[in-house]
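Single chain ahead, written as structure tokens, the form predicted on its own.
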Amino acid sequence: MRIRTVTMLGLALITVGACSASATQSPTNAPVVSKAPVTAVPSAPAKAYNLTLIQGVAGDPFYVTMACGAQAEATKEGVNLTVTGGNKWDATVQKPVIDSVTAAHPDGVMVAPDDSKALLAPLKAMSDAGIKVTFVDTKLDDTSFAVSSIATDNLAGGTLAAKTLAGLINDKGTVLVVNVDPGISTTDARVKGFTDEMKNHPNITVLDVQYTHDDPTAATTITTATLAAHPDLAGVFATNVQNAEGVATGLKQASNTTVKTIAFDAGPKQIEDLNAGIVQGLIAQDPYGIGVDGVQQTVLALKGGTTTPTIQTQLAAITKDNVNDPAMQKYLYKASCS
């Protein structure tokens, strides 16, 4: 899907392709990317399918929230759901989890691959074993065997982050991008959207991307070192929850209140930092909706229906001014489903 418009933080709407969303909203409403409609499930004999959700990282608020959505939809569909995942973002940690799930042979799996290339072989083996595979959040470079790939329009989110940060720093200064690792489909797209947009802002210098391996402590160290090396640092773009928390810690430790920060995701700690003024804006995804769509598409495939190959779910720009808006609550990530 191609992006038609990307607007400033919290001001309007992002539209993509043949979206059904309205082109205008009030200033406090979030920009969104509409997803494709879900095809009606054809008639099929009743069966309690067994599904598994393999999270990118177990315990991460994004994936906890995704699991909440998946469980709610599984209950609605009358299917069984098991949730599992590695304890850190690492393809070598996730591969044994994938192999174990393949050996258990559920009917369908929703998986967020930790690497777009390294996990091709085990996930293809899963599909070849007759298990329906749906990518949620992240995906492989090869999606040919997947039921569906469901994710935020991360390219548009990165573009939105760049436009927003440029406005906050008056279109001049040095900015830092703190990312996880290269080779992750979602964060790679966020960085591309950000850096491509920054080419339209000639008075802003974008430093080389720094990688943290999804470690908040590393993000803190990087932020501290960059502040020392670049006293003119004006802004930071953090590409996910862990990086955002680490950047916020680094700025707090330095008692720095001038650097503007835009971050992806909206975990509980990030909302706390937003309200404290440490982070100025959050590009929030809809992991609950990704979980719902993942179950819907997987069950649809199991029943012989026609699935939607690519679904782009909504995103929202959250600020201190709109964080308590009822419309924003669906975008705030959960620490648990209770």
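This one's a predicted model, so the numbers in the text were calculated from it and none came from an experiment. Throughout, we count residues from 1 along the sequence that is shown.
Note that the form predicted together with ligand T6T isn't included here; everything after this is about it.
- Stretch-level contact check against ligand T6T in the model of the complex with heavy atoms at 4.5 Å: of 69-77, 237-245, 140-148, 163-171, the positive one is 237-245.
- Proximity to ligand T6T in the model of the complex, taken as a non-hydrogen atom within 4.5 angstroms, holds for one residue of Asp60, Asp273, Asp293, Asp286, which is Asp60.
- Checked against ligand T6T in the model of the complex, the candidates Glu197, Asp265, Asp115, Asp153 yield a single residue with a heavy atom inside 4.5 Å, and that residue is Asp265.
- Residue contact with ligand T6T in the model of the complex: Trp89 places a heavy atom within 4.5 Å of it.
- In the model of the complex, Thr186 approaches ligand T6T with a heavy atom inside 4.5 Å.
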